[in-house]
Structures are given as C-alpha cells and as structure tokens.
Ligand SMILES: NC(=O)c1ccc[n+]([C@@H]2O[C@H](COP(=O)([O-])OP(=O)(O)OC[C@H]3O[C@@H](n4cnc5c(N)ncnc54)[C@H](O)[C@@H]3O)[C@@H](O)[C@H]2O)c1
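Next comes just one chain, in structure tokens: the form predicted alone.
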Amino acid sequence: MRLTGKVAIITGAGQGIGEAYARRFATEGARVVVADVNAEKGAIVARDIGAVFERVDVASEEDTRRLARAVVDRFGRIDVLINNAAIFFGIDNQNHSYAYLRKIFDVNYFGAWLMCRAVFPHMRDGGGGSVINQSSGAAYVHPEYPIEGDDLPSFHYSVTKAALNAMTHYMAGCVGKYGIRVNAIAPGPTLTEATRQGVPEHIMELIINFQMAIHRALDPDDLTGTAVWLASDDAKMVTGQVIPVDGGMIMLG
C-alpha cells in the first residue's frame, strides 16, 4: 500500500470522482477525510470505506479553517489535500450573468485557494505534503458560445479551471521550500452522473470518436492512479505540473 499512514483530505468526496479518490486512497492505506457539503452522501461514503466525514463548504473561510483544525486535532497532521469540490453537477451553461460567474468562482477557484491556505501551516509544520488540484480538460478546449444580444459569455467553468492551473504553478513555486508539492490533474470526459446530466450523449460521442486518441470516455477509477502517485513519495520531486488524464484529448487539440 503506497499511502500507508498518510492523512488525506478529499473535498467533494461524497460522489463522482471525489468518491473514487476516497475509495482508492483508503485501499492504499491512507487515513481519509471525506469532506463534502452534502452531509448525507459524504457520511455514506466515509462509513463505507472506514473513513472520517467532515462537512465543509469550501467557499466559506470559516469552514475551511475549521476542517483543517478538526483533522489535525484528530490525526495530528495533514499530508495530502485533494481540491476536488466544484460546481459541475447541475451547472447552468446558459447563465452568463456576473452573479453566476462569481458563484462558480467562489467554489471552483476560491474554494481551492481557501483550502490550501487552511492546510498550509499544518503541512509546513509537519515537514511537507502534497496538494492535488482537480483541473479539467475544459481549461484547454475552446467551446463555441453563441452571443445573444449585448452579453458576452462568461465561460465560467472553463475559466475557473484555467485559473486553477495558474494557481497550481504559482503556489508550487511559493511553498516548495517547505517540502509542499502542488500539482493538478486535468481529466478528459469522465462518466460521472454530473457528466451524464450535463453533456448530451451525441456530444460525448463526438468527443470520444474525434477528439481523443483512446476512443472511450474515462471512468472515475481511471484518474485514481495518478492521484495516488502524486500523493506518494514516488512523486517527491514532482511539483507545479498539470497532468492531463484524458485519453489524448489535449494532445490532439
């Protein structure tokens, strides 16, 4: 087991990709903290894998600091943070208002930043750690947004993930001297409930058949090996990287 003894906080771990990370980390020996705003779903996952559940709204500074303190009080350390929580399930791709853009940024970008800030002193004092940000292939793909009237599209989801990539680079350069590594995973189209709900089947087929070198969608489990590696000591000299796990989608442009 590659993560024996490591304490890992995984946000948005009540379902989808975050749940897959939590389950895989538990099998690799990590002490997992399932952190989710949905207490019902998060508690079920935590109970199923023998983990700890903590409710957190990552857009709340108070919540993120409380979560970090609770984990340190319980386990004495924080070794890994996976910033997976994001607004994607049920996202309104037709809403380009400023208020909705701010809402998406509050969770997808500022939520990750707040979590990093909350765990930083504990990772530093513990001698280091690994932060893994959940990016997306959407940060690289330029979709066609029709312009109606005078309003410009906000590109909300894609822009938050592009911003997260930039934060990954800047933060890695800043905290490396404390033994903290910061990387990101950029998945391609992944078969979660959120994707099934938000991406029409014919669009998914076009992406798979014409925009990916490996002609199949990802399962959440396809991402977990990369996360385990980044969290492990095998990646102790890897930082500041955004790693596409996308079947060759970004490679093909």
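Each residue number is its position in the shown sequence, starting from 1. Owing to the predicted nature of the structure, the values given are computational and were not obtained by experimental measurement.
Below: the form predicted in complex with the ligand, not depicted.
Remark: N183 does not count among the residues lining the ligand in the model of the complex, judged by a heavy atom distance of 4.5 Å or less. Although the partner is absent here, I9 is not a contact residue: none of its heavy atoms lies within 4.5 angstroms of the ligand in the model of the complex. At the 4.5 Å threshold, heavy atoms of S136 reach the ligand in the model of the complex. Using a 4.5 angstroms limit between non-hydrogen atoms, I208 is distant from the ligand in the model of the complex. Of the candidates A227, A68, V58, V33, V58 is the one whose heavy atoms come within 4.5 Å of the ligand in the model of the complex; the others do not. In terms of contact with the ligand in the model of the complex, the residue from V37, V52, A26, M212 that brings a heavy atom within 4.5 Å is V37. Annotated contact segment (heavy atom within 4.5 Å of the ligand in the model of the complex): 154-162, selected among 122-130, 154-162, 175-183, 70-78. Residues of 81-116 that come within 4.5 Å of the ligand in the model of the complex, judged by any heavy atom, are N84, A85, A86, F88, F89, V107 in sequence order.
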